[in-house]
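One chain comes next, on its own, written as structure tokens: the form predicted on its own.
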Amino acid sequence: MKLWGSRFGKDTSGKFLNFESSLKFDFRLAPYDIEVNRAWAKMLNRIEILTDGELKKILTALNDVSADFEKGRLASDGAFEDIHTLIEDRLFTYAGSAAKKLPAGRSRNELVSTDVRLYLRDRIDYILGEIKGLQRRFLASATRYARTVMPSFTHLQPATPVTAGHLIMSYFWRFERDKKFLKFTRERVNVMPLGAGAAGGSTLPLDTEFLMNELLFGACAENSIDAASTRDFVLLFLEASCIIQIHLSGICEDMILFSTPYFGYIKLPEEYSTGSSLMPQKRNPDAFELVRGKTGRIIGNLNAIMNLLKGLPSGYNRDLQEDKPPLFDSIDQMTEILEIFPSVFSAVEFNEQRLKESISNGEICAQAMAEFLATKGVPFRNAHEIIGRIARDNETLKRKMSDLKLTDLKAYSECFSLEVIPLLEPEGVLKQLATPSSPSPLKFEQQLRMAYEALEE
């Protein structure tokens, strides 16, 4: 079946029909197409295009089509151009001539955009819920390792003392920003294009206010040309997806590095790891590697849409049919990842003994010691040089920072006093951290409270 054809004298080539059909990937839009048709029929009844009897026939037919979809009886072969054509054909079967009135005042262009927006709105809501669940897992792990001291890193070299809990909370806040971006994206998705027609609206007195309320849209598109053809909302979602995936990939990189024997900071969960077909001793971080690997795929989907859109003239073009495979693939990949990642992360165990050993030489206390001298009137660049000499001598003498006595320190600067002694141990440094975002025990408790409040919003 075609929604057009009287203009043409020749039948469509079978090969071309198969080539142009999007049914193989837009079939998932069926429930949303049915929902839009239901609202459209009610609106046409309100403006007296459909009689009450015709409306009843169409609504009953739509219920039948919905049941066909749910029970797998809705055909999905290539004999139809798309899901909209298939559903319209099935409506003719169930509702007869009344169904021929349903497309009045409406283009398939705006219908496609509306269906995708409704679908994407639902998926965003689901993904937001999954992110919230992941954040709860982060909070639980961060609380568990709130006092587990470890080094932070810059350039992948030990930097300053933090806690494993503080590191995990850095993951929490990344996803808090991701939620805000997704919520903004949802607002842009939730704009109704119905009433735009193919590009220039309709002469029928369509009740767009009714349609907005019926389909729970937050706003109506301002311009008919833009409404039917824009895919900014798809770009926004894919941008949000890329950022989420990059954040996940960064966490995976941490876990992969930390699981190597050269770090030994974490133990990989066996239920989410694999072995080697050749080397019996191996335990591989496949779950983290697969999530990391899918990042390129999702970034590629964003690039595909950007390249699709970059050269299109104003108004609808058939090229836009190709927006769905990258969009649907990104949604599928993210959904699968977010459904498993919380369980994988929660099963990770930090090796507290190994973390303690990795900071035992105390070199990560260097910044705090330099800042101590700054409080005693030593210019910071001079203090930096003094502590640098101490670190160099410690390395040469195989001496820990905590081995130093006050007399040793005074050999480097008379400004040292007994107050500096707690700063020779990472735990002592943590207790004296003063800035709001720092990993001090007091600030960490405040951070946890802020995180719980953010989840309640």
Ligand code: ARG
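Computed from a predicted model, the values in this text were never measured in an experiment. Residue positions are given as counts along the sequence shown, with the first one as 1.
Beyond the structure shown, there is the form predicted in complex with the ligand, which is absent from this document and is the topic of what follows.
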Exercise for review: Indicate whether residue 324 is a 4.5 Å heavy atom neighbour of the ligand in the predicted complex.
Suggested key: yes
**Study point:** Any non-hydrogen atom of residue 316 within 4.5 angstroms of the ligand in the predicted complex
**Key:** yes
Exercise for review: Considering only heavy atoms, tell me if residue 108 and the ligand come within 4.5 Å of each other in the predicted complex.
Suggested key: yes
Exercise for review: Classify residue 320 as contacting or not contacting the ligand in the predicted complex by the rule of any non-hydrogen atom within 4.5 angstroms, answering yes or no.
Suggested key: yes
Study note, to complete from the structure: As a check of understanding, the residue in 112, 95, 102, 370 with any heavy atom within 4.5 Å of the ligand in the predicted complex should be identified as 112
Practice item. Would you mind checking 82 to 108 for residues with a heavy atom within 4.5 Å of the ligand in the predicted complex? Key: 82, 84, 108
